[in-house]
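Single chain ahead, by itself, as structure tokens, in the form predicted alone.
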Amino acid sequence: MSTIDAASASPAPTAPPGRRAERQKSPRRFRVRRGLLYLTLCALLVVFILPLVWALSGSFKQRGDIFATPPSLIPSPATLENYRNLLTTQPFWSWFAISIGTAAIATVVSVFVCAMAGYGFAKFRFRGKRILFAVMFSSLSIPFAVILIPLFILVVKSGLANPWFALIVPWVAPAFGIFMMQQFIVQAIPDELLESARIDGSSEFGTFRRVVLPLLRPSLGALGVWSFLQSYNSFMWPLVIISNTSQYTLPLGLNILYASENRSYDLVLAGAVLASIPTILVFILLRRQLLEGLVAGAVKG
């Protein structure tokens, strides 16, 4: 028999027994890890969704049944009296309109301003750029409570204490939004694309509006959700700047119901359920842009 025939007739090398055992165990380990991951996610889902389910259940219960023992998630009997009392005895729709209106305006203005500022920091060179960006970025480490009183004095002395204006001021140009837009523009928009638009005769604002903004849709959606939640859920600033009860936002209005002598938990729960509807709708409408922005930031960042 020749050497070639002997080599072909020899049995194929086999893996050591230890490696074969590891290969057999790896699918089992994968299934165990995946099961633990799903179990952890289910536990976190229960933790996050249980307060909302409890609030929804309590909003249909009578006040004496909310804290009954043993607790029950199914109201028996179910009643709409809580919602009826909230909408008829309290200026809920006024609180709701002010919160939605100011949050929507603040979100639109904030997204546009942050996109423009981020575009300037990312694609333009000017004197003092690094110093200005460092000052802006360092403001992220300053708690809002530190600038609360100076901002209040500045707004009042300027004669701009109108609720519809004062409630929007703190959210017009957040440092987080500017930094987020600057980072996304640096990574996602090449300079060659901007140069080609300028060669075609486009102005700087036209380039920003026609070229930059369409490419920023994922990050704009993520920033829009963040800005809306920041303005909509704000409590400290409206508490300082607003003195008229009829001009309260939803967080302040619900706090009045909670801080009253009767502790109107039934009205608070009904108001909390209604107040959560806009945030859920915003997430549903912008969920695609939000997820795309988060994925883009995770991959490119």
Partner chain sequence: MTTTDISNTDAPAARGGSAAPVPSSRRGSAGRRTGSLRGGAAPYAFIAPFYVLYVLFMIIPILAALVLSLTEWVGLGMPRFIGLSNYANLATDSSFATALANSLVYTLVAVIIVVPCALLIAQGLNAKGLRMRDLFRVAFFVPMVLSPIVIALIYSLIFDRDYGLLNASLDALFGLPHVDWLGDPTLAKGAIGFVLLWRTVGYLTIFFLAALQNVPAEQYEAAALDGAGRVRTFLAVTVPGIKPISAFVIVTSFIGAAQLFDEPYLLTKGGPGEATISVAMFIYRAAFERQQFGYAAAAGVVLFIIVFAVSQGLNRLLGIGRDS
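Throughout, rigid core stands for the largest set of C-alpha atoms superposing within 1.5 Å between the two forms. Residue numbers count along the first chain shown, from 1. As the structure is a prediction and not an experimental result, all values here were calculated from the model.
From this point on, the text means the form predicted together with the partner chain, which you will not see here.
Using heavy atoms only and a 4.5 Å cut-off, decide whether all three of L87, L220 and I242 touch the partner chain in the predicted bound form. Per the other structure, none of L87, L220 and I242 touch the partner chain.
Of L151, I105, A97, L215, which one comes within 4.5 Å of the partner chain in the predicted bound form, counting heavy atoms only? None of the others qualify; the residue that does is L151.
When the contact criterion is heavy atoms within 4.5 Å, does P143 count as touching the partner chain in the predicted bound form? Contact with the partner chain, yes.
Going by a heavy atom distance of 4.5 Å, is A197 a contact of the partner chain in the predicted bound form? Heavy-atom contact with the partner chain at 4.5 Å: absent for A197.
Could you confirm whether G201 comes within 4.5 Å of the partner chain in the predicted bound form, counting heavy atoms only? Outside the cut-off, so no.
For L80, is any heavy atom within 4.5 Å of the partner chain in the predicted bound form, or not? L80: no contact with the partner chain in the predicted bound form.
Would you give me the residues of 42 to 62 that have any heavy atom within 4.5 Å of the partner chain in the predicted bound form, in order from first to last? Residues within 4.5 Å: C42, L44, L45, V47, F48, I49, P51, L52, W54, A55.
After the core is matched up, is the C-alpha of K129 off by 2 Å or more between the shown form and the other one? Indeed, K129 is displaced by 2 Å or more.
Against the rigid core, is the Cα displacement of S243 between the shown form and the other one at least 2 Å? Comparing the forms between the shown form and the other one, which are aligned on their rigid core, S243 does not shift its C-alpha by 2 Å or more.
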